[in-house]
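In the block that follows, a single chain appears as structure tokens, in the form predicted alone.
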Amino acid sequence: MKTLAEIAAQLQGYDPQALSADAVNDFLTRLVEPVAGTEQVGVFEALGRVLSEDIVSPISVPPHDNSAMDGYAFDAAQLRAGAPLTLEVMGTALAGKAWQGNIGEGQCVKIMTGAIMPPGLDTVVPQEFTQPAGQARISIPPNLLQPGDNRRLAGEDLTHGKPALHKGARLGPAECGLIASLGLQSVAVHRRLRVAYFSTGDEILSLGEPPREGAVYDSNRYTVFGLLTRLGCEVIDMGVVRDDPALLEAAFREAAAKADAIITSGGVSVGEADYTKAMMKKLGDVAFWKIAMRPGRPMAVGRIGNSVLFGLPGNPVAVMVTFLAFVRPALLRMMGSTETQPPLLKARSAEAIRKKAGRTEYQRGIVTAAPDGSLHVCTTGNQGSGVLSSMVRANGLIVLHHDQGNVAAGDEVDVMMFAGTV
């Protein structure tokens, strides 16, 4: 396990007082590792979990050549360019069992979607493209089909003995369906990541407490809980911890004993009149960063015991932005996922945006689709780090990169969408 100093030495130009967003993710990639421990879970419990080993297909899917639609199966060698084909219907092949019978030249079988293709037949004409041609006979128009049309080949989805899903895949609805299609009742996944969270500060009110002058109700506890739950973590909610050395020490020690990761909000800014930073320094190997970003400049990162620590700023929007930009990818890596960074979409800005080069900005945006299918984005207006309602109105973050300057209306920008994360 490398110390923070050893990791910092590997990063060219590392400066904790002016760290770029890319450098933060680079540092965190070196800091965190997948947790040890795996378990078998049923398919219904597998959603959101991360595979701890490859799934090798025990069968081929589909197991037989079958029809892709309702129609008539026949041997395409009988097709002649420019000429219709008339065939005698010898029976009906239903899904779920093989058709019993023999097919000769000039004959076909009516077939249902999913039914096994009878031996010697390789093509299906959709029912709606045929015409009656007398008693139990159909006619196929000329130049309609190519050999093999509307036939699903055995194993064209999944092949017996080949990997169906790879280690590190995070299981969504499609992956769970694919696992079930293989007949597997359970899968091996990494154990759930345990994450402890608490808010800090004497000015923070818990729900149920009466209002008082200068105090605010704690929203961060609930947004972080939601973000962690969406991620599939086991959340250890430790509430609000006051600015008291004994209480903070007890909270950090308890969190480190119980969790793989600790997240706090508040108490990491320069000059804050509390004991959070001092306690982090006392108990762990912790770095205090000033990140070249907006919102969310202050952040603390390190280890307390065997737990990874993420000390986030106190403003509500800054908490969510730093979580999405830095903490979420790091936690996914700890969960064993190989897909940690969210994809960025391109959208045209509907307005001019002022931006200074030398920092990364994450502006709240509303992405819409134009009639031609192109994406457009506008800001939510006030971008203050305490305006939590802007995160409600937004459906993504406009990511203005470190070296990027002002944006003109119509320029393309990168957008990190909220879907599935917020």
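In this text, residue numbers run from 1 along the sequence as written. Everything numeric here is computed off the predicted structure, so don't read it as measured data.
One more form of this protein exists, namely the form predicted together with adenosine monophosphate (AMP); it is left out here, but the text below deals with it.
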query	finding
Residue among 337, 107, 150, 269 with a heavy atom within 4.5 Å of adenosine monophosphate (AMP) in the predicted complex	269
Contact assignment for adenosine monophosphate (AMP) in the predicted complex, among 216, 180, 112, 345, heavy atom within 4.5 Å	216
Residue contact check: residue 332 to adenosine monophosphate (AMP) in the predicted complex, 4.5 Å heavy atom	no
Contact label in the predicted complex: residue 71 to adenosine monophosphate (AMP), heavy atom within 4.5 Å	no
Contact of residue 204 with adenosine monophosphate (AMP) in the predicted complex (heavy atom, 4.5 Å)	yes
Contact label in the predicted complex: residue 311 to adenosine monophosphate (AMP), heavy atom within 4.5 Å	no
Residue stretch of 188-196, 244-252, 113-121, 312-320 approaching adenosine monophosphate (AMP) in the predicted complex, non-hydrogen atom distance within 4.5 Å	312-320
Residues 200, 220 and 265 all lining adenosine monophosphate (AMP) in the predicted complex, heavy atom within 4.5 Å	yes
